[in-house]
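Heads up, the chain below is alone and in the form predicted on its own; it's given as structure tokens.
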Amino acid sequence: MAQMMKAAVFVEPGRIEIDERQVPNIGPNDALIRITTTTICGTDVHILKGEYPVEKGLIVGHEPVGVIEKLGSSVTGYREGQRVIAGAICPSFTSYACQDGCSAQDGGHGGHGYKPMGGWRFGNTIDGAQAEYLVVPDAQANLAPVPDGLSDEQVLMCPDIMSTGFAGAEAAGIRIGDSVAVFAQGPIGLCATAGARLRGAGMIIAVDGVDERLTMAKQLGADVTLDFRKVDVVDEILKLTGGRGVDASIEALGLQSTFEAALRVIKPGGTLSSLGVYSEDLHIPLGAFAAGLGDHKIITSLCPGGKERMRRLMQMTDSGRVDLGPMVTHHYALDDIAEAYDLFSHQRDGVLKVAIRPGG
């Protein structure tokens, strides 16, 4: 009789429910991971609401921490029982985009069928991590051993939001002494704030409207916090920079209003680094864009994946240079994931990230 497992399944817009599924088989290049901790991402909420389409019946989630249960015959250098993570983006490193240095865009392996976000497979094109077991494809390229002494919660941010937030800071080209404004201090924005500090920013301005998030932004490296409910953020940022504008802004929400504000505060020659997932068309105001004459750069980033990226992020955690464990504010058993989705999607009780454990 096939072994069964519990999993969070997308049923229809507005419904993600726990279901019984068979523990999946693996191929020669795969690994089966027993999930010990996972979490809910803002993108999962987009899926729940029907704003990002996935197939009905798909197991959702893309942030796995676990233990190797079984290895495919072609996977070497790992052992069963080893603690590992895998990135939310799990590239094969065989696509043109991937071999051209963009591991997040690992779609289209022969010139056909390419689509942006092709490297995002867990909970998008294949079953995801909000389950008792997960198949990691191309395991040789994607399994990253967890250093001894690091807890699940300390590495839980690495697969997605840490990699994404840091990518936003990296793409912004932040130099030592730069001024940086980070719009929205949700989980990804907070990681972008932490990344800006690690990149050597001289002044980091964090923008949000939730007190707990602004407090956490201070802990992670923000020098100034601005509450958009109380001040005109664009005016305040221009005052803080003596009218020069910031060297870089990072947009981490995905709204027209935050994108436009992030564009209005960058200096001539500055960079807008966009991390938001947008659900509607964006419009670029003529003045904010300086009629196309401002030498501005607008760059987007998707979460870099692969075992080397994960190793680097865990190294930063292991060294003590960054600790994102405090971002885990709530804990739920997998059986109670519907309640966790309700809390997270409505942003109640100061929630930042929830730890979901199949074992409770």
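None of the values given here were measured: they were computed from a predicted structure. Quick note: we count residues from 1 along the sequence shown, nothing fancier.
Keep in mind the form predicted in complex with another copy of the chain is missing from the figure; the text below concerns it.
Peer 1: So which of P137, G276, G72, G186 gets a non-hydrogen atom within 4.5 Å of another copy of the chain in the model of the complex?
Peer 2: Only one listed residue qualifies here, and that residue is G276.
Peer 1: Heavy atom within 4.5 Å of another copy of the chain in the model of the complex: which of I126, L282, L150, L214?
Peer 2: Among I126, L282, L150, L214, a heavy atom within 4.5 Å of another copy of the chain in the model of the complex occurs only for L282.
Peer 1: If we define contact as a non-hydrogen atom of the residue within 4.5 angstroms of the partner, is R175 a contact of another copy of the chain in the model of the complex?
Peer 2: Taking the distances in the model of the complex, the answer for R175 is yes, it comes within 4.5 Å of another copy of the chain.
Peer 1: Would L302 show up as a contact with another copy of the chain in the model of the complex if we use heavy atoms at 4.5 Å?
Peer 2: Looking in the model of the complex, residue contacts with another copy of the chain include L302, since a heavy atom lies within 4.5 Å.
Peer 1: Applying a 4.5 Å heavy atom distance criterion, does A141 contact another copy of the chain in the model of the complex?
Peer 2: A141: contacts another copy of the chain in the model of the complex.
Peer 1: Determine whether any heavy atom of E55 comes within 4.5 Å of a heavy atom of another copy of the chain in the model of the complex, and answer yes or no.
Peer 2: It does not: once another copy of the chain is placed as it appears in the model of the complex, E55 has no heavy atom within 4.5 Å of it.
Peer 1: Residues in which of 227 to 235, 206 to 214, 152 to 160, 190 to 198 have heavy atoms within 4.5 Å of another copy of the chain in the model of the complex?
Peer 2: The contacting stretch is 190 to 198.
Peer 1: Residue by residue through 63 to 100, which ones have a non-hydrogen atom no more than 4.5 angstroms from another copy of the chain in the model of the complex?
Peer 2: Result: S74, T76, G77, S92, F93, T94, S95, Y96, Q99, D100.
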